[in-house]
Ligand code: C2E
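First comes one chain, alone, set out as structure tokens in the form predicted on its own.
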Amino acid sequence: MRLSARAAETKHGESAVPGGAMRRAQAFLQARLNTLLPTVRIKVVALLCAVGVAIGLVSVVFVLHVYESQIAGRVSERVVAFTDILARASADASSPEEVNTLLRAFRTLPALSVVAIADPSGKIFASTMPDLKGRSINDLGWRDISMRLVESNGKLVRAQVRDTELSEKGSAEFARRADVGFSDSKGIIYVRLNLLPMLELVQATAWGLLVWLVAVIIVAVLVVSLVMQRIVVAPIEALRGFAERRGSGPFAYAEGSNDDIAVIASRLTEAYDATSNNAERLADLAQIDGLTGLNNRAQFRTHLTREIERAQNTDHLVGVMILNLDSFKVINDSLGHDVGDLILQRTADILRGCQRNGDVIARLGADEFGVILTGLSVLEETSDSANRFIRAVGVPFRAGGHELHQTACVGLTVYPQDGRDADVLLKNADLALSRAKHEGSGACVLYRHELHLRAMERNSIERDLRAALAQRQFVLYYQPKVDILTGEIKGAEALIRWMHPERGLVPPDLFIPVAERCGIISDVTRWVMDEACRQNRAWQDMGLAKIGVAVNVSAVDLRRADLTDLVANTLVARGLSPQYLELEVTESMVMRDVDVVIGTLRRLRSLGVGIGIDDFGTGYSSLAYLKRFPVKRLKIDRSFISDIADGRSGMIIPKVIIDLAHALGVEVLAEGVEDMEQLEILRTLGCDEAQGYFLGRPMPAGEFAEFLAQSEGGIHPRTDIRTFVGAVPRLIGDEAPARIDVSGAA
């Protein structure tokens, strides 16, 4: 609030400064002028017109001044000359008649309207108008004539408009003292001039002068306009056209000139040339991969479109191959980016060496390369070429002092059977590559329509997954874990199921990989953990046996920094003791970022939560790492259990795993137990627990609660299993109590 107020005060203060207002007004006027006068030509013409108008106004003022000056001068000259004549005549006259005789001679002058001469008393004794004789000079309308003459010491004075009552339009009245010959005192000479003829003459002269000045101004403006057009406007317009052409074509005004415009044109030419060269270099860089020198994805697509157009008029096939380097990120992270760059450059050189005439090679991504196979006659040629590339890449080599054996997998698609468009072919090749990655190193997969259907299925699942959590479409099934020696129900594994409104029950192996890929696996894990803890607490509140519940954790969750906090908060929120929760992680999962995983597992174990390694034996665990993991239980993968009854060879791996785990103080659970024979062998090998359809299929929460309720003393309710562990004698015939079917049989 304080900062906002201060900012407002500052803004208000700035707006109050006159300079700020002037700058804003100047900017506004400049913007308006730029809108009204968009080009230099219009601006120059407007400026010259404004100058011409200004000079014209000055000329008018000048002519008016001259006009007034001429009138004043001529009037003054004539009045002075005429009154001098009258003064001399009056001084020499011996009688009034002599003066009247002179005045009668002046009657014909058009400039003289009234002339009168009065004696010192103000009585008129001579006049051009006989009616005025004997009358007072004040009768002529000039009321203060005597006072004015006194103030001027008898010199010539002119009546003001306010001083006279009888003045006519275009007339002027004058008076002066003069000697009277037949009297000893001075008389008064009164003259009223008609200025209209004089005004007409001077006005004609003024209009002529004004017309001459306007003509000169117009000619000057035109001449200056032509000069400005030649030396300023035309070069600037040519420079603008030169700039709009971005330097293409000649600039004529620059030839033989070294003025400012020529210098600007020269610099523009240099800048446009540099820009053009840079654009060409950037265009080349945009088409070429900087590290390998191969075409990039955009150029690869352009070549593919061109090859498709060529193949449309022939019977030849066009193959699209995408090659991906296996485990490149691991090598890049472990050995450094320099070694990674060497591997990419080596791969590019190998692809160049293996390409046929007409083939196009490109680097499509970080560790992906594309090859366009042209001129193919039969489909088998695509696979032969792909295998040739795979074998060449797989040759051992040394990089950065390391002996490396790089492998690759390939996805293939063919025009026209797999698509008739470059984008479609590239998409199908990516689908085939995804399948090849799934099959393993060195795989070469040719696109099939089933891959497209599978991709559409994954996209559909991904779309529906985002609504599944909000709409509570997930449910948990629970599969029991049984102690082989005692038959006791030790726990259950929580298995998520998706009750899709249209698809029905969707198994986890179909939607869990999609959830991991689209980034919502963490939300799924949070829900599974919360629901499993809630349900386990509910069973305990019902008085059922207290068992542990195992929840599977994905690789994404295992690397979350807040996984420990999530587990702790869930246990507290649901009121469940940590000893009744177990987290299961796969063997391959814990071998990625081992140090980070060990730290996470140790923090979880310190909470009292059990840690189990699922699918043990299918990964690549190191014994050195295994002893560092805070593991409570190892789960032998079902693939080893299915062969355990085939003879001694099938028992070797389970026996080794069991002995190793016991040596490390870790319990062992066998997955996928399907019959009594497997259960007996596992007990012989010393296995601790078992899980499988023979011991109990995955059941909804309500059915599993009934299963626990039927487990007297926590022992498995099935009679054959209770007999197997020696918990109760074998029951015969109808004496066996009715038990819930947990075998999964119909």
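Treat the numbers as computed from the prediction; the structure is a model and nothing was measured. The first residue of the sequence shown is number 1, and the count goes up from there.
Below, we turn to the form predicted together with this ligand, even though it does not appear here.
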Tell me the stretch among 686 to 694, 702 to 710, 51 to 59, 715 to 723 that has any heavy atom within 4.5 angstroms of this ligand in the predicted bound form.
-> 686 to 694
Among the candidate residues Glu98, Asp615, Asp289, Asp464, which is the single one with a non-hydrogen atom no more than 4.5 Å from this ligand in the predicted bound form?
-> Asp615
Which residue, His303, Arg497, Arg526, Arg177, has a heavy atom that falls within 4.5 Å of this ligand in the predicted bound form?
-> Arg497
So, Pro508, Val553 and Gly672: all three within 4.5 Å of this ligand in the predicted bound form by heavy atoms, or not?
-> yes
Quick one: does Arg638 come within 4.5 Å of this ligand in the predicted bound form, counting heavy atoms only?
-> yes
Is Glu582 a contact residue for this ligand in the predicted bound form, using a 4.5 Å heavy atom cut-off?
-> no
Using heavy atoms and a 4.5 Å limit, would one call Glu493 a contact residue for this ligand in the predicted bound form?
-> yes
Contact flag, Ala399 vs this ligand in the predicted bound form, heavy atom cut 4.5 Å | no
